[in-house]
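First comes one chain, alone, set out as structure tokens in the form predicted on its own.
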């Protein structure tokens, strides 16, 4: 975002709007092109977005951030990042060699931390979001967090099913934008199994303080949705976030 001096803000009618958003507003022009500063900023942000898509997943670093909780590391069927980007279907299925890592149990919730399309988003935001959420679910039987490399959202369905979890929550790096290369998404699915549809999930997106949703606010919303999903035995288009009208996440305890 371009930083303006007080004098520039006082004379620029769009200054107040720019202060409220990271979007590109009123960039101006130099002849038929953009001025140098906005052009350089655009090229920088484009490079950050490309780097985020191709960045490797530091599963060990995320596991350390979740310590002392025990974690399980798995991969999808994609062999490398290039294949993952070309073949989304392979990112939705578990590597056969990792199936034995997932032991079935009587779990209320499985949490999957997956690189998705922005590993930096997961490195920065997934562990704090998961820990804030776990603190809001006393009494829930939560499986050891699963760290999934080269993963799409739907990989959580197979992971959750193999763990025997009633609900699965996938914290995953979202597709980078030119103002948000490190945005985390959270996808919640009741009764996970292979073949679930996107319409059967709930999503809380743009978790990336200070520019997006904060960890505590995201955890409040997710805790409410999880309790509502368990009570109604569903997720997706039939489950709406009515947490404000019910007095917050504790209303369904």
Partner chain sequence: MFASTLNGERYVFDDLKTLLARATPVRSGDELAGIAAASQSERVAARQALADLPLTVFLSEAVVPYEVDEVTRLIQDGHDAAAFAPIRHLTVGGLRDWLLSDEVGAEALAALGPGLTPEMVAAVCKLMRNQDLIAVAARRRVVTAFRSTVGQSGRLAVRLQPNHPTDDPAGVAASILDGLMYGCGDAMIGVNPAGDSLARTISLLRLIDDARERYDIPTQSCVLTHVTTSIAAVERGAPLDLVFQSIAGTEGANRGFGVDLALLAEGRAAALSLARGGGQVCYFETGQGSALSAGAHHGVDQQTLEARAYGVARAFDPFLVNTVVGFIGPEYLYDGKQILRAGLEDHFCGKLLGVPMGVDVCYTNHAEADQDDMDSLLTLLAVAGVNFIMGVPGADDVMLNYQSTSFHDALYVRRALGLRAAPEFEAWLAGMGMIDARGQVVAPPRGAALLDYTA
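Positions refer to the first chain, counted from 1. By rigid core we mean the largest C-alpha set that fits within 1.5 Å across both forms. Given the structure is predicted, the values throughout are model-derived calculations rather than measurements.
Unshown form predicted in complex with the partner chain; subsequent notes refer to it.
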Residue (of 142, 132, 178, 73) lying close to the partner chain in the predicted complex, criterion heavy atoms within 4.5 Å
178
Stretch from 29 to 37, 215 to 223, 56 to 64, 187 to 195 whose residues place a heavy atom within 4.5 Å of the partner chain in the predicted complex
29 to 37
Do heavy atoms from each of 46, 49 and 88 fall within 4.5 Å of the partner chain in the predicted complex?
yes
Can you tell me if residue 232 lies within 4.5 angstroms of the partner chain in the predicted complex, counting non-hydrogen atoms only?
no
Contact test in the predicted complex: residue 238 vs the partner chain, heavy atoms, 4.5 Å
no
Given that the partner chain is not shown alongside this chain, does residue 102 nevertheless sit within 4.5 Å of it in the predicted complex, heavy atom to heavy atom?
no
Using a 4.5 Å heavy atom cut-off, state whether residue 117 contacts the partner chain in the predicted complex.
yes
For residue 25, state whether the C-alpha moves by 2 Å or more between the shown form and the other one after rigid core superposition.
yes
